[in-house]
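The form predicted on its own is given below as one chain in structure tokens.
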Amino acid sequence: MSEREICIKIANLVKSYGRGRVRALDDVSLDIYEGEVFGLIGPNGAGKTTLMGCLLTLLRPNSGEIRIFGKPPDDLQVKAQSAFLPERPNFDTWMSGYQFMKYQHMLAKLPGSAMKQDIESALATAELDPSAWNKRIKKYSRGMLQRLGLAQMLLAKPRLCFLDEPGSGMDPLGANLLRNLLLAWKKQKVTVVLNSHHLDELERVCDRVAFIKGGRIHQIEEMSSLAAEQLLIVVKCSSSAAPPPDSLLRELAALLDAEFLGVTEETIRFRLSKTADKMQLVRLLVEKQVPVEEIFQERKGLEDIFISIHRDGDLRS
């Protein structure tokens, strides 16, 4: 990851409210690489939206520095290559969806000859029903507004996308659309900064996530490392039988190029190097007459880390 180009560089960022009495961001430093999907995780008020507001220049930090593509975040070249979808899009409701897209197409200074094709392609990709294209936006549901916002983002083919709770108000079809769009952007090397409470969705699409607590970056997690942690296998043994010796369990682990993690009460834990070894492990345990009652895969996810970080102490921003 360190060999990749840095898209966003944040250094010692501070943002205070109430004449400095409340620090929403407290000395935040962070690098986000080009082409990665980067997630922001934290409870309500943790500073996620404030951080995104500073990146978008909707808020002015008290101190610190932000560089995007090596330039200040308010540079016009940065703005021309960026797109933003807020949690609650607020469009001019007197327009139809199609009129709104025409207006956005002109603002982006895209070729007029390609307007019809560009708009229809973006609306279709965002899966906004054609029957809604010529309806006034004031008649749109929240999910339809999110789709229109996604279509707006797609028009100029941005290099950098900011999404603040993009799945809010979307049904399962909308959530699937969003996931596929994020995965497509990843293939196109578009950088995405994503703020969401849907941790299961973040696990599917993100390359890295930052856990924010008290206005600080508490922890950054690589999703590839987290996936490796999910090959933790728990073997439950009969309580009436004596536990097998550690030497035997280490021997079995070595045969599978696995790691023996120890025995806890009536359970034995292994970390496997590949999923296919699960059945091999069961076969070896049976052959060595280990009194197995149950075997299962213990899954460690973003929710577990989130709960661990916020179980004790202040949950505020």
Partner chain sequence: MSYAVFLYTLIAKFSNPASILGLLFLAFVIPVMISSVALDGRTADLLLSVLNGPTIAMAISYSFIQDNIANTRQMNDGEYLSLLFSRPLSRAEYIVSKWLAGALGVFCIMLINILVFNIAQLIQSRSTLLGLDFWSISSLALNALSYAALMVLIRSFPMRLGMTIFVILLYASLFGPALNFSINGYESSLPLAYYFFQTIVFISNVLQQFVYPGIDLYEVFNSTRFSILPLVAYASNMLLYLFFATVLLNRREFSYGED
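Under this definition, the rigid core comprises the largest set of C-alpha atoms superposing within 1.5 Å between the forms. Positions refer to the first chain, counted from 1. As the structure is a computational prediction, the values presented were derived from the model and not from experiment.
Not pictured, yet referred to below: the form predicted together with the partner chain.
query = Looking at the partner chain in the model of the complex, is some heavy atom of each of 58, 79 and 106 within 4.5 Å of it?
reply = Verified in the model of the complex; spot residues all in contact, yes.
query = Within 4.5 Å of the partner chain in the model of the complex, heavy atoms considered, which of 135, 179, 102, 186?
reply = Only one listed residue qualifies here, and that residue is 102.
ask   = Quick one: of 66, 256, 52, 285, which gets a non-hydrogen atom within 4.5 angstroms of the partner chain in the model of the complex?
value = If I apply the 4.5 Å criterion carefully, the residue I get is 52.
Heavy atom contact within 4.5 Å of the partner chain in the model of the complex, the stretch among 166-174, 200-208, 217-225, 94-102 = Heavy-atom contact with the partner occurs in 94-102.
query = Taking heavy atoms and a 4.5 Å cut-off, does residue 84 contact the partner chain in the model of the complex?
reply = Because a heavy atom of residue 84 falls inside 4.5 Å of the partner chain in the model of the complex, the answer is yes.
key: 4.5 Å heavy atom contact, residue 191 to the partner chain in the model of the complex   = Residue 191: no, not in contact with the partner chain in the model of the complex.
ask   = Is there a heavy atom of residue 15 lying 4.5 Å or less from a heavy atom of the partner chain in the model of the complex?
value = The answer is yes: residue 15 has a heavy atom within 4.5 Å of the partner chain.
message = Residue-level question: is residue 240 within 4.5 Å of the partner chain in the model of the complex, judged on heavy atoms?
response = Heavy-atom contact with the partner chain at 4.5 Å: absent for residue 240.
Core-superposed C-alpha of residue 72 shifting 2 Å or more between this form and the one not shown = Moves: no, less than 2 Å.
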